[in-house]
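To begin, one chain is listed below as structure tokens, in the form predicted on its own.
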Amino acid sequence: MNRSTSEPAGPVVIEAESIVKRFGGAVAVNDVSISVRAGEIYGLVGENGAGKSTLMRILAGILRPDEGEVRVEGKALHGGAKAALEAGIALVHQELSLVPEMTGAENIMLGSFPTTAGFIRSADMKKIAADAIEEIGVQIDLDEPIVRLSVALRQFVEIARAVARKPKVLILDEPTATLTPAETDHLLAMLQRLAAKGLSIVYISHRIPEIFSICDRVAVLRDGNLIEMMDIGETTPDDLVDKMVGRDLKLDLQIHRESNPGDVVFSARGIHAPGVDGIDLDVRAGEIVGLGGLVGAGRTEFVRAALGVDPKTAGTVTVTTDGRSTKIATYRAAVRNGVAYIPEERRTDGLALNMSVADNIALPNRARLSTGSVLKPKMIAEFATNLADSVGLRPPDIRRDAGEYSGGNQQKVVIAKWLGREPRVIVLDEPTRGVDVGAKTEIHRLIRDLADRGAAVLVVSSDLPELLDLSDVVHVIRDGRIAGTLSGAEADEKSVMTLAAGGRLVEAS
């Protein structure tokens, strides 16, 4: 249940007036005005590419608006990110920006170490970091290097770093994308406690139930425009989604596809690796196989070992195309034999963020886009444009750096570059994490279309509705092994979670 919207509204802390931001010829934010009050949790929703992250980066001083003004407690904000931080604005990005080799305490204090004569006061550093961790209510060994912490704990360290600066405004961009349901509940309760103390919070999320759980007001952006701002009690989840996408998504949803799998294309036998304990798995032509299980069960570890991204200690993988079977020992061999891999971490493993969309799409397709060793720019532009259009990139500017796009659009670029190779096997790890409802529908359609055209598709997903909606068969992994296999009417959320948690399915009498 959301917090009472009948509480007295505090004074306006931060406001953006008539903000306009352009990238080349594309308008990312178009005459948007918002204001957030003390103690308010202000939701911001919209499809990927709607302008949410751009607007937040302007509020945080990272980007300068082409038109309009940001004010904090009535004073115009000038001077970039440092000035915004000094004015009390803290932004927690969707993608973590921690230093893996540094400790939790060092990461929390990064950029604001307490020093005397150039030396860090370690005791003071740990005290401030410990106070921030206590404020958000989690248990973390602050002396542990970040690289040894779980993804969820890293997210809380990122939030603690913002809280340690005692901000007036806390902006969070998709903070629960990597959290379990229990961790999400803890985070939402913590944000409500901070708001009750007077902190202004701007909360960006594609997870509509979270918006209705904690937000007082919600603003909808679409194509860079502010569509509507309303009290949370004045709208419904369905209405909010309709405003986000500008169309009725029910028309886009597809009843579970009828599949007619062919021969086995991808076969893994006896795969052993760190976190993987002897997995056998087949994927047939035209089939979508899902991998379910809890975080840390070994799903990603299996995929990376099977494809040769990470080393395996035992087992074989065979790819069979056009009647010819080839054993795959390395990732290079997998790619050469028609395998495409969409990794879980798109920003670090899937894209070169400082390269253009066109150059990213060209990377695995250089052989067909060159004569001899010379790449053909005109051919690359045409090739990239066609693929960008096929995945619905918004805006379809192939000259723009991949890092300037939203998370969902970045995922589309990763998919597009592999579609150019016309893969026979495609493996997708968390294909719609951090992706809005409209982009999720489009990515699901792309996955189904690949299977309908005869590709063997393997999907890892922690999103149970997604896993069940896409998959013809679901293997549930627990402790590095397949705990059970479900297909057809057997597969539902309860059965997947029962197997994932170590329970036994009860057969109907």
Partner chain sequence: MTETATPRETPTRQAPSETGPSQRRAALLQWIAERGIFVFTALLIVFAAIFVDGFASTVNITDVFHRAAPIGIVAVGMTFVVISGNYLDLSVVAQVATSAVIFIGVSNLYGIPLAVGLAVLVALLYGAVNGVAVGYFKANAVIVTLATTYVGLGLLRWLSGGSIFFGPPDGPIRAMGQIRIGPLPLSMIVLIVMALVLAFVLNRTTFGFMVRCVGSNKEATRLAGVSTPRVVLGAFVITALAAMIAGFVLAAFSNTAVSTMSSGFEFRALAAIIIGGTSVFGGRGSILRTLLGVVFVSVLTNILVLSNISFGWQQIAIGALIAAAVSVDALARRAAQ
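As the structure is a prediction and not an experimental result, all values here were calculated from the model. Numbering follows the first chain given and starts at 1.
We do not show the form predicted in complex with its partner chain, though everything after this point is about it.
- With the partner removed from view, the residue among E228, D359, D277, D131 that has a non-hydrogen atom within 4.5 Å of its partner chain in the predicted bound form turns out to be D359.
- Only one of T441, S462, S33, N30 lies close to its partner chain in the predicted bound form, with a heavy atom inside 4.5 Å, and it is S462.
- Using a 4.5 Å heavy atom cutoff, G51, Y341 and V435 all lie near its partner chain in the predicted bound form.
- With the partner omitted here, the stretch from 267-275, 385-393, 282-290, 302-310 that lies within 4.5 Å of its partner chain by heavy atoms in the predicted bound form is 302-310.
- At a distance threshold of 4.5 angstroms between non-hydrogen atoms, Y405 is in contact with its partner chain in the predicted bound form.
- Its partner chain in the predicted bound form is approached by E430, whose closest heavy atom lies within 4.5 angstroms of it.
- Using a 4.5 angstroms limit between non-hydrogen atoms, P377 touches its partner chain in the predicted bound form.
- Contact annotation: I214 falls outside 4.5 Å of its partner chain in the predicted bound form, judged by heavy atom distances.
- Using a 4.5 Å cut-off on any heavy atom, the residues of 326-348 that reach its partner chain in the predicted bound form are, in sequence order, Y331, R332, V335, Y341, P343, R347, T348.
- Annotation for the pair M56/Q410: C-alpha atoms recede from each other in the predicted bound form, by 3 Å or more compared with this form.
- Between this form and the other one, the CA-CA gap for L221 and L351 widens by 3 Å or more, being larger in the predicted bound form.
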